[in-house]
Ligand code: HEC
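Given as structure tokens, the chain that follows is alone and in the form predicted on its own.
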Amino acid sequence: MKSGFLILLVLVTAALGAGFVAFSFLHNGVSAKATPTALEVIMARKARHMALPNSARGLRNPVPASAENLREGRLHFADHCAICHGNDGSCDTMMGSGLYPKPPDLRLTETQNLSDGELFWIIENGVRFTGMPAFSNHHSSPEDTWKLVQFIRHLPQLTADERVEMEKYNPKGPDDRMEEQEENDFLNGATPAPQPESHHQH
């Protein structure tokens, strides 16, 4: 009797979930501009929690807490993560705001309350059906990832000077690099090359 009730409860819950997903697609289509509803956010967080292996939750950060390791994590974040998450972790970026679901604000309790092991696992393995890629064996070593975990913990206390330093390590396009080079040349006393005069025939 009890097992029959549990099976029925699971089936009803699954049906409601499928109905909700169908309604969301019909209402918003496949647009990434849509904002997830509160229920979607709750369901996604619950699914993420259930998907993380128990072995990951108990992992402790083996990298010693130090100013040097924190800086390395900060600059690694600026180079690899800030394009979506922003230097301050707010995710208020062109890439971040264009994703569905939107990346979480890493400064808020929903992220800060995750264990070190959970943060490590997410960075290493990514999250399916989101813009969060898996970084293991591609862009970083496990030690790099643990330094990122340290930096994520530091995000709520990020200083203005740290943000300025991070901006130097953000990925830049050709136009940004050219503008930066021109500024450096000017500051170092180099004069811009003279522009050719235009000659008009009358």
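When you see a residue number, it is the position in the sequence shown, counting from 1. Just so you know, these numbers come straight off a predicted model, no measurement behind them.
There is also a form predicted in complex with this ligand; it is not shown, and the following applies to it.
When this ligand is considered in the predicted complex, Ser97 lies well away from it, no heavy atom lying within 4.5 Å. Put simply, Arg45 is close to this ligand in the predicted complex: some heavy atom of it is within 4.5 Å. Contact annotation: Gly117 falls outside 4.5 Å of this ligand in the predicted complex, judged by heavy atom distances. Mapping the unseen interface onto this chain, His85 counts among the residues with a heavy atom inside 4.5 Å of this ligand in the predicted complex.
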